[in-house]
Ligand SMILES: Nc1ncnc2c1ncn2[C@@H]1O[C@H](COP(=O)(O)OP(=O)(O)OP(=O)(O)O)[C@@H](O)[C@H]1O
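First, one chain by itself: the form predicted on its own, in structure tokens.
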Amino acid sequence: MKELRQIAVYGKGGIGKSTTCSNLSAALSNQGYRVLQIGCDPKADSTKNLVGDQKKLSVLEQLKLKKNAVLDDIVTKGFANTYCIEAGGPEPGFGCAGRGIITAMEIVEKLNVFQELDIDIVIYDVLGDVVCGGFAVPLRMSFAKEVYLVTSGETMALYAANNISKAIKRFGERSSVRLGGIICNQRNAYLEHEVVEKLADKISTQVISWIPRDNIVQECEMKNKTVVEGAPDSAQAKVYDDLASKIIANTNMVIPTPLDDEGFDLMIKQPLMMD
């Protein structure tokens, strides 16, 4: 039986997680892997640039219509034969957003999705502003063994990455969950390379990829496409292809050593002066 790679990508809302995940999924699929991307955001928009106009209902929406959902009800086939599922969430102001993830994971298990689709790699796109019980499900239930943090050099994105690493440490100490590295989705912030490298060093991990800021990303997304599909010959598409290759080859998996609040504040204020 082949080994199933289950990878969770966490980061602050708006940092470019879904863009990164979709382009990563597309690149991996182009490399010959059977990829399933599971969107774990209540907005249910993680996979929109893979599926274009053929988006199906989220798992929660589907279960409102029929209790006994089948595989075709929740899975959409996207660009380059990627497979896509959106967990979904409650209407704003009602219920727990994390509940959609819990329900989606239960349905995925019940329908034996990974085996039925002969999946090689699962990518979980998870909101990381708050690592509550629901959003921590891919880690807490040991679905995802590998975690990558998407950040930029901006303070709140770095804070979220450090905060998420605390959850990874907690779960990693009693399971096989490990941190594979940081993906820097660059915003050209002040001392961005220095402070992101410093955070990686302090939490005992690596920066596995630097993703440049490029308007080609927005141009492709306006057409509901990934860069890998919409601009396959671009330098940006090569960046995502390289990211996919680095993740496949990565063996540097660690239990992180997150900073406490005082240490984090010092790092932000004096990024070049910390030992």
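Start at 1 and count along the sequence shown; that's the residue number. Note that the coordinates shown come from a computational prediction; the quantities given were computed from them, not determined experimentally.
Another form exists, predicted together with the named molecule; not displayed. Remarks below refer to it.
Heavy atoms of every residue among N185, V217 and Q236 are located within 4.5 Å of the named molecule in the predicted complex.
Stretch 41 to 49 is the contacting one of 25 to 33, 41 to 49, 241 to 249, 57 to 65, since its residues have non-hydrogen atoms within 4.5 Å of the named molecule in the predicted complex.
Within this chain, P256 is remote from the site of the named molecule in the predicted complex, having no heavy atom within 4.5 Å.
The named molecule in the predicted complex comes within 4.5 Å of no heavy atom belonging to I208.
Although the partner is absent here, K223 is not a contact residue: none of its heavy atoms lies within 4.5 angstroms of the named molecule in the predicted complex. With a 4.5 Å cutoff on heavy atoms, G14 counts as touching the named molecule in the predicted complex.
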